[in-house]
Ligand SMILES: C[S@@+](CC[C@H](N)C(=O)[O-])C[C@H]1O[C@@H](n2cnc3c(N)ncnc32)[C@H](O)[C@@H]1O
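Take a look at this single chain in structure tokens; it is the form predicted on its own.
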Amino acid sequence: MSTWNARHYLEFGAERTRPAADLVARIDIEAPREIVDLGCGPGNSTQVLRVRWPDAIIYGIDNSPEMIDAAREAYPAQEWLLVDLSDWVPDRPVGLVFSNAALQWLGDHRTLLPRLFAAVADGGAFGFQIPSNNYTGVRRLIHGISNDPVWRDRMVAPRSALTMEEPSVYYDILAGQATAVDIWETAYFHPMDSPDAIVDWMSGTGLRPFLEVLDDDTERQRFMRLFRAQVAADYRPHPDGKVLFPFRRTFVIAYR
């Protein structure tokens, strides 16, 4: 199993938490008794839930020991569970099943989402956000570099590591079971200090599968040199020196 670096992930904590706050603000349920945060990471999204529903019992669940350790260190009084998200099933239905930028790491959403929605109690909701299918031009750059003949054959799995369907697919999956489905997309334009900041952002998430299949540091350094050069060419500084990093995300809320 690959490892996650919680500290690196939280270098852009405000930007990564904002979609969670936007999703939570739109979930229209009053007082869920129990909430599960699937793919809670270092606990940043879980705190958004705790502010909105302070009286709820909230469980943060992740399959990364590094992320769970970071959450326990930062919030020792809260409930953190190391669980494989791919086969998670609760002991009983809960008022809210929530996920912020995690389900894209799990395949077969046509099977996954009905299973997660089945964990929602009557009157509750299932809410998640993930990167949109074409979430950023940086993804195109990464895939282009991955086609280098030196490592192309090793990049088949990384190129399909993320699962992101069109919004209409998520509607079709959930509409037959839910009383209502709310779906939207938001494009965030994050002001970054430099093109290298975009590289740092991606190296903590979307770049990981590509770097992990390379043989050694020499290959990884070459991949990163190519990536940095292309990002610098495509993302030019504005007059204030900042670089805008567009990032589109898909949001889904299904009510039972």
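Note that residue numbering follows the sequence shown and begins at 1. Computed from a predicted structure; not experimentally measured.
Unshown form predicted together with the named molecule; subsequent notes refer to it.
Though the partner is left out of this view, residue 86 does reach within 4.5 Å of the named molecule in the predicted complex, counting heavy atoms only. Although the partner is absent here, residue 64 sits close enough that one of its heavy atoms falls within 4.5 Å of the named molecule in the predicted complex. Interface membership of residue 47, defined by any non-hydrogen atom within 4.5 Å of the named molecule in the predicted complex, is ruled out. Taking the partner from elsewhere, residue 60 is found to have every heavy atom lying beyond 4.5 Å of the named molecule in the predicted complex.
For the residues 105, 151, 171, 75, the 4.5 Å heavy atom test against the named molecule in the predicted complex is passed only by 105. In short, of 37-45, 51-59, 192-200, 217-225 it is 37-45 that has heavy atoms within 4.5 Å of the named molecule in the predicted complex.
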